[in-house]
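Encoded as structure tokens, the following chain is the form predicted on its own, with no partner shown.
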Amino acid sequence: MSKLKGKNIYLAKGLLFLLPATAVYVFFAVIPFFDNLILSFHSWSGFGGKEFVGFSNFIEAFRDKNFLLAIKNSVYLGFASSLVSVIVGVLLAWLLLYVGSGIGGFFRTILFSPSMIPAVITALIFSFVFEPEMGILNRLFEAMGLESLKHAWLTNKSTVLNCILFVSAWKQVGLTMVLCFAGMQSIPKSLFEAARMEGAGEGAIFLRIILPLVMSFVQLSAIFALMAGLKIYDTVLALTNGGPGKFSVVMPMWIMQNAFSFNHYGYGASMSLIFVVIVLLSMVLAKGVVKGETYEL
């Protein structure tokens, strides 16, 4: 009886400690979500009463060519940037295993630093890189005698999305590298030594030993990168503002414009719910494709 009473006391204390965080989460996440859900079935300009319109906002969203383009752009940026950042990040982590701890720490800091720079600052830096007249990239091509490769990178429909993709992937590579490097460091060195004694090369060790053992870290990195790519907003806003025209518009940008610039709050709420569903489905797909496993070492 006393043991049961002691467990109840510990349970009560645990719930008491959880109460502040739970209250904050409910107040700032759960209640706004359901409020947004209710708003999505109404037409409201921000003034006056709300008019119930049923599923009209959702139907209108799927008839909106700009929103469909925004979905396409966000999905492309999300999956492509996560693929690039994960591949490059894993390879960088693998290469850093062969670097001494002193110089390795320096390179890890340098490679991780883009992840710590605010997205708007990153976008402003790359706006100077991609600038058509004085930009570093075009000047580099000019110095190399490759004038034919010079472009107006951010105002050309054929290059603007890939420029945004590059900036997004560049920002995410460092986080993938750090996570995967931590996983690789936890692998016993005896496994590498045994494989080398059996005649395995470094490539085979990476593919047969290292990569399977760090797949859980790769999965986590892929999910982080995918979320960042899907939710990209400030980078696009600072680089192109959705241009040229609406060619580089993304879901968060189009939702914000409709809600806070055009005062279509109900319509913006419906698009945000569609966005949430797309993000959740993408997370499930990424988790299924990049399967993380746990091994006993």
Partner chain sequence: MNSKKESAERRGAMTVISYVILGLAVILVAYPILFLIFTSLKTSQEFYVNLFGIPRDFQWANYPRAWNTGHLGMYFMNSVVVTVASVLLTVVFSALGGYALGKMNIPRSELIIMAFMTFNFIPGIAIYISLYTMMAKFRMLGSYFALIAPYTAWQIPFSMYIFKKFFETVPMDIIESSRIDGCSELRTFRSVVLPLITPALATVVVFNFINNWGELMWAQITTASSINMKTLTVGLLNFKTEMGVEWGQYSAGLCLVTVPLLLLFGYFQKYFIAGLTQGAVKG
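Just so it is clear, the model here is predicted, and its values are computed rather than measured. Residue numbers count along the first chain shown, from 1. Take the two forms, superpose them, and find the largest set of C-alpha atoms that agree within 1.5 Å; that set is the rigid core.
Just so it is clear, the following notes concern the form predicted in complex with its partner chain, a form of the same protein that is not shown.
- Contact with its partner chain in the model of the complex, defined as a heavy atom within 4.5 Å, is made by all three of V24, L92 and S127.
- Site annotation in the model of the complex: the residue of A194, L146, M116, L207 reaching within 4.5 Å of its partner chain with a heavy atom is M116.
- Residue in contact with its partner chain in the model of the complex (any heavy atom within 4.5 Å), chosen from V84, L111, V160, M184: L111.
- Residue contact check for F33: one or more of its heavy atoms lie within 4.5 Å of its partner chain in the model of the complex.
- In the model of the complex, W153 stays away from its partner chain, with no heavy atom inside 4.5 Å.
- For H42, no non-hydrogen atom is located within 4.5 Å of its partner chain in the model of the complex, even though that partner is not displayed.
- Under a 4.5 angstroms non-hydrogen atom cutoff, its partner chain in the model of the complex lacks L165 among its neighbouring residues.
- Using a 4.5 Å cut-off on any heavy atom, the residues of 261-290 that reach its partner chain in the model of the complex are, in sequence order, Y265, G268, A269, S272, F275, V276, V279, L280, M283.
- A movement of the C-alpha atom of L281 falling short of 2 angstroms is seen between this form and the one not shown when the two forms are aligned on their rigid core.
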